[in-house]
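In structure tokens, the next block holds one chain alone, the form predicted on its own.
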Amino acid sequence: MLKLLTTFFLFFSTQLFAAEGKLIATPGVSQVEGSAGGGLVPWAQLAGYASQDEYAVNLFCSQGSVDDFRLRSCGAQLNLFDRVEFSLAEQTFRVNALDTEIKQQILGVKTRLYGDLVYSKWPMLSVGMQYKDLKDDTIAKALGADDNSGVDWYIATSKLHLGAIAGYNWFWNITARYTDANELGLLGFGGPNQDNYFMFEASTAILLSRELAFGIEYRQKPNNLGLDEDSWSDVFVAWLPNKSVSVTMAWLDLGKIAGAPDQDGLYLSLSGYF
């Protein structure tokens, strides 16, 4: 399924040159669930540099490695006329202690409701959904998860303030998510301890130049399985030398995962824009 959809996205990319309708760095990078945004948090921006009369295709691959786990996520994004974003991602989650891998596929849709990141008076506003299908649910079921698939719904608002801090551009994003996914869905959905479906996420960054951004992210996660799961955070540096590629490096602080404490480590992501 993922290969078929990626081929479809690539077909679109062969019909155009890189879209040029936005300022460099304003689309953000690629989020681990496939949406445009930061590494952990989907932002209001749509993927790529397409303006209202363009469309754009992006490909990405990311990997985060912490003490006991590794997550690899690769996929594609399609932006139609800066109004609707379609995304897909395939995640591979390695559990070192069990010498096993868990796979999950995610299909996403995001719609821009209002605004422009830079030029509108009020912040950009978008809504989105991510349908998640866990392909290997043995561990999830053993931990007490109810389902092997689910849907996340979110609303995000973003704004870039030009020259706001000591002459540097300042970006912020706030996302509210409705979800019952355990560890992004990699440990299934729901469970015996579920009592809160609404999660808060946020990102902020300073653009040190047109091509270089430094920032932080924060993401709440549900504790459906009763394993005292922690919120996630990172500190990142994104380099966007041109409108064709971006490279992101981050230090992850993921806290406790499936009972294993102090999970932190390095994250690296590469995105190509067509």
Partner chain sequence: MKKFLCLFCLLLLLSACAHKANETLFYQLGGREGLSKIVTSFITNIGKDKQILPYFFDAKISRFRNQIYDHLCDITDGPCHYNGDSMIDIHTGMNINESDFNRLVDLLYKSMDEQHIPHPIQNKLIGRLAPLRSTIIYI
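Please read these numbers as outputs of a predicted model, since none were measured by experiment. Residue numbers count along the first chain shown, from 1.
In what follows, reference is made to the form predicted together with its partner chain, a form of this protein that is not presented.
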- Which residue, Gln220, Ser65, Asn223, Ser51, has a heavy atom that falls within 4.5 Å of its partner chain in the predicted bound form? Ser51
- Message: Give me the residue from Leu59, Met249, Val245, Ile206 that has a heavy atom within 4.5 Å of its partner chain in the predicted bound form.
- Response: Ile206
- its partner chain contact in the predicted bound form: Tyr168, any heavy atom under 4.5 Å: yes
- Examine Gly163 and determine whether its closest non-hydrogen atom to its partner chain in the predicted bound form is within 4.5 angstroms. yes
- Query: Is there a heavy atom of Phe214 lying 4.5 Å or less from a heavy atom of its partner chain in the predicted bound form?
  - Reply: yes
- Query: Would Glu229 show up as a contact with its partner chain in the predicted bound form if we use heavy atoms at 4.5 Å?
  - Reply: no
- Task: Would you check whether its partner chain, in the predicted bound form, lies within 4.5 angstroms of a non-hydrogen atom from each of Glu33, Val109 and Asp195?
- Result: no
- Message: Quick check for you: of 67-75, 112-120, 133-141, 86-94, which stretch puts a non-hydrogen atom within 4.5 Å of its partner chain in the predicted bound form?
- Response: 112-120
- Note on the structure: Of the residues spanning 225-257, the ones with some heavy atom within 4.5 Å of its partner chain in the predicted bound form are Ser233, Asp234, Val235, Lys243, Trp251, Asp253
